[in-house]
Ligand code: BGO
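First, one chain by itself in structure tokens, the form predicted on its own.
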């Protein structure tokens, strides 16, 4: 390549920053973690002609300081990496708040490509942004986009392809003379510690951590005192006030509002009056979740049945009694295939969650839950990572970094493993398909609600034991409603489902291979018999689970290997029952409706998968990871026994 450009994509949360990033990169995505932290890092490389563009999606922030992990990552990347430009995504309907970040990045002296996203929402609200005036003031092109529909992306590419001719913003903000003088003094006296005016201002207002240098700290403290005494005010407030004055002056000149107090209330506000209502909001959310699972079954079941029939037909083609035939039939087809048949349902679940997220409704769910969460000792914002747990517990636990204090992070991370992740869904689908054919939606919905209730109760108990400080109030921004992008939701669901399939093809395949080998040894015993190695392991554990209603050794083995990954529960059952007519018929003969329910409750609650435990340990510490294992195993077993024994007492099953 003759030209290589590295470009950061920055913006406030809910500005459409990630949508812009996705539009630019398409499927050319590499996901990892930022160095030293578990915050997700997304990069995308796109080649156009003889030019390669590497886009880096930095965390969404309102400011740039060391006060939070996301802001520190953003600031470090913008100040330390060799960037050719920064795409700053601005929500056109909330120009003033978003332009503050633009101003900070401009002060860094970086080349900027400002994107006025959600321009359609601004127009609907009677807001006109005079792009020509903005471009004239700063000497750089401003691009209007509607990322959800792909509008304006070609204009953005036109700017990117001429990035070599792009200059830096020519407008600069000046602070009071004592502040500017102090910044220059720091840069001159400590050139190694302070390499730019922006960094000097950050040190002075406390936004940047001061190096461990006594002389440096002494000088900074003296300068701060002199400025505050001369200007009669707190330095950080003075600097912030100047920045906001600048933002408002630009907005006054370039933003035209055609709104009046008599104007009709915006549609989004009218919707919010219903969906965030203190009386109706909760029932509406519960109905939305019920409808989600109804669609998962209604749309997904025909595909599941079709794939299942395909695997059955494939299995019948494998003849012979040799070891290779046994591995293909009982191991690959019955084991891995038992998990893969549920891929359509997994895809639909992820697709519908992406639709809810893209529409702006998930943020409302956190707002609705705040009153209830607050009463139980959790922050309303904790509900967002908990909802993410429906997809996968691992990124959900990583998302607790967005919470402001340690208490909320610890309690939320400890609660998330009880949220029913997609890995548990194949277990539910298998059992409800056998025992609860006419009530599949209701049964699975009740399990998800049970998980939420258990999560909140566990957090409440842990708070009373370990934390006594009052819960801070919820302050959060509700993003504007959008018509969800089918393309974006499909891509998101496809990526997440792809991870699920990849897991089935690697991790679960390895587990099934081990299970098949243990079920085939020692030589001479019947496959998956009680005399096999795995049969002996399961038989030793079976009496422990007998009070919960599933005394078969196969069920015990499935739960043991489910510690590796919850999908392995189905894979194990498929492998061990592979010699029978079908997995469904084998399940039907080994379980009753009541024991099936207790088994699903056990699967929901007991020990998180090994990857989740590793993330808990990394995020909040070994002590909490060990406590999570102990509490979940005990609670899962107790609840499974209670369900089964209570059902027997009531004459059920």
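Positions refer to the first chain, counted from 1. In this text, the rigid core denotes the largest set of C-alpha atoms whose superposition between the two forms falls within 1.5 Å. All values derive from a computational prediction rather than experimental measurement.
This next part talks about the form predicted in complex with this ligand, which is not shown.
Segment that reaches this ligand in the model of the complex - one of 147-155, 302-310, 532-540, 134-142, heavy atoms within 4.5 Å: Of the options, only 147-155 has residues within 4.5 Å of the partner.
Interface membership of residue 120, this ligand in the model of the complex, 4.5 Å heavy atom rule: Yes, residue 120 sits close enough to this ligand in the model of the complex that at least one of its heavy atoms falls within 4.5 Å.
Non-hydrogen atom contact residue 645 with this ligand in the model of the complex at 4.5 angstroms: Taking the distances in the model of the complex, the answer for residue 645 is no, it never comes within 4.5 Å of this ligand.
is_contact(residue 25, this ligand) in the model of the complex, heavy atom dist at most 4.5 Å: Residue-level check for residue 25: no, no contact with this ligand.
4.5 Å heavy atom contact, residue 12 to this ligand in the model of the complex: Yes - in the model of the complex, heavy atoms of residue 12 and this ligand come within 4.5 Å of each other.
Core-aligned C-alpha movement of residue 643 between this form and the one not shown reaching 2 Å: For residue 643, whose C-alpha is compared between this form and the one not shown after core superposition, the shift is less than 2 Å.
Core-aligned C-alpha movement of residue 357 between this form and the one not shown, 2 Å or more: After core superposition, the C-alpha of residue 357 moves less than 2 Å between this form and the one not shown.
Is_shifted residue 632 between this form and the one not shown (CA, 2 Å cut-off, rigid core): Superposed on the core, residue 632 moves its C-alpha less than 2 Å between this form and the one not shown.
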